[in-house]
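Below you'll find only one chain, the form predicted alone, shown as structure tokens.
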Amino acid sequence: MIKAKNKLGLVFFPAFDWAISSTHPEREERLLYTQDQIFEEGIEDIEGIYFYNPIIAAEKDIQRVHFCVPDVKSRLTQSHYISAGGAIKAFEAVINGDVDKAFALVRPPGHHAQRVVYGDRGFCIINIEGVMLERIRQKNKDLRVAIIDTDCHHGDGTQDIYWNDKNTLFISLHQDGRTLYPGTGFLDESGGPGAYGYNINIPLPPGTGDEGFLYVLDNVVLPILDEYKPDIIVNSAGQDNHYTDPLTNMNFSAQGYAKLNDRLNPDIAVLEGGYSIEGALPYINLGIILAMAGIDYSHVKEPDYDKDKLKQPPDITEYIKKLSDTVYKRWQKRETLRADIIKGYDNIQRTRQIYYDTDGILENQTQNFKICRKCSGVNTIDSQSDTGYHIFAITIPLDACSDCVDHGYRLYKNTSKSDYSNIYLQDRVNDMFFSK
């Protein structure tokens, strides 16, 4: 009888009723093959592995994280509420001490969903990890969290949500944005004035294999985590770095994913991308489950795995070593770099153009971050899309001082509806959301 070293909770939600189209890579078969593999391997019979049903996230859970335009109900399907609820259930099982670790195998995914939501981009509408984390933070306000995003695509949505939050360290390992959607995730994207240096991007070259990913983990990610000392580690567990994935150009294997998860030792994993439905996902998910449970995963291999064929070229190895050294040095210099950036400013502005590739929507956005000595500061978003909406959104952060709380409410009161189609106030201190 096999027994798990770590009590592991699994939340499984394939979302049978949601797909962009019947042939789209993000469809229900993504998890159906994994489900078959899990039951074929007898995972449900292992002592110490528990299966949980998802809960349904509430509208308020979404409003803590997003400004959905015009509102939450217009943007979400029932599957999105349940996908986010599955992640919440996984986190609750860990935080309540029911299990040691949890893996939410849910879809639709979410790491491309940013704070403002006009529609679907990168197959994502709401940010699953963000909704999960902020629900838990209502009872654990000082929770210090590290999110390690191992999806092949840059986690630009999670980056945006935690851009100015020092209590959420975000590290994204991804294929270089010069070669892959969403075209972001470069070294200089380091965070807002209240959290500069706590947003860390590691853009890897196409062709990176097990050796490269594990080198970055050992020489950058783990040393930074040792210094940051998070209370909780979340793996945003995208699986499209696999060598058979049809959308990407990497050479990671199921064994590599299992070893990464073993060494990273996350408290929670949440499934993100991964579109090699038969050739990769069943094996990767099995490897991650075994690694999280503390069970031998050395026999998990894809039928077509060829170690020699997937050997990482020496030039990529050298490139990754130099990149890792640069990233880690930037982390060590973060306070000096931050001081140079905010010197002489009361506010920092960030202007961006965002494209919703699935829905064909173009957004122009200006974010403004108030620099406050007592807290991370009120921030605002002036956003306009080619669908006709022009919104003004205000966020009072969770750590806001009384002056910033008052400032946020004054902004909401004094902003004229004649200038905008929608005005929103997100008060994280009092867990309130207003719109007009």
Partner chain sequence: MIVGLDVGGTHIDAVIIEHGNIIDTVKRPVNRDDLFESIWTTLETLFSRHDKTKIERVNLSTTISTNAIVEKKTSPVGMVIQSGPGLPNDYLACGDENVFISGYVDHRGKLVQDFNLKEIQKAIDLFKKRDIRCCAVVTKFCTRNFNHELKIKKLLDKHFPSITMGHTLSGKLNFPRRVFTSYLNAATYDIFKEFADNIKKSMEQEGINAPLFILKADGGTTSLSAATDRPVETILSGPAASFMGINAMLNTNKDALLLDIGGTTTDIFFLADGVPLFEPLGIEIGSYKTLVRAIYIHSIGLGGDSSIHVENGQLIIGPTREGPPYALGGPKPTPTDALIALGLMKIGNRDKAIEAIQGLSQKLNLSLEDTAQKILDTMGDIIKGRVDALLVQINSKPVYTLKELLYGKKIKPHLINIIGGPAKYMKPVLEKKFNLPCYFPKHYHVANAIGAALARITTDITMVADTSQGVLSVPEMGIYEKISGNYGLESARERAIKLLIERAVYLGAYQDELETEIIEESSFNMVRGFFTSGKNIRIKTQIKPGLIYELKGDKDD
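Residue numbers count along the first chain shown, from 1. Being a predicted model, the structure only gives us computed values, none of them experimental.
Another form, the form predicted in complex with the partner chain, is not on view; read the next lines as being about it.
Report the residue, out of 78, 326, 179, 336, that has at least one non-hydrogen atom within 4.5 angstroms of the partner chain in the predicted bound form.
The residue in contact is 78.
Pick from 301, 263, 311, 144: which has a non-hydrogen atom within 4.5 Å of the partner chain in the predicted bound form?
Exactly one listed residue reaches within 4.5 Å, namely 301.
Is residue 18 one of the residues lying within 4.5 Å of the partner chain in the predicted bound form, judged by heavy atom distances?
Contact with the partner chain, yes.
Contact test in the predicted bound form: residue 371 vs the partner chain, heavy atoms, 4.5 Å:
Contact check for residue 371: no, nothing within 4.5 Å of the partner chain in the predicted bound form.
Contact flag, residue 432 vs the partner chain in the predicted bound form, heavy atom cut 4.5 Å:
Result no; residue 432 lies far from the partner chain in the predicted bound form.
Does residue 382 make contact with the partner chain in the predicted bound form, using a 4.5 Å heavy atom cut-off?
No - in the predicted bound form, heavy atoms of residue 382 and the partner chain never come within 4.5 Å of each other.
Candidate stretches 54 to 62, 403 to 411, 372 to 380, 386 to 394, one within 4.5 Å of the partner chain in the predicted bound form by heavy atom:
Result for this chain: 54 to 62.
Establish, in the predicted bound form, whether 4, 99 and 291 all lie within 4.5 Å of the partner chain, using non-hydrogen atoms for the distance.
No, none of 4, 99 and 291 comes within 4.5 Å of the partner chain in the predicted bound form.
So which residues in 81 to 98, when you check the partner chain in the predicted bound form, have a heavy atom no farther than 4.5 Å from it?
Only 82 sits within 4.5 Å of the partner.
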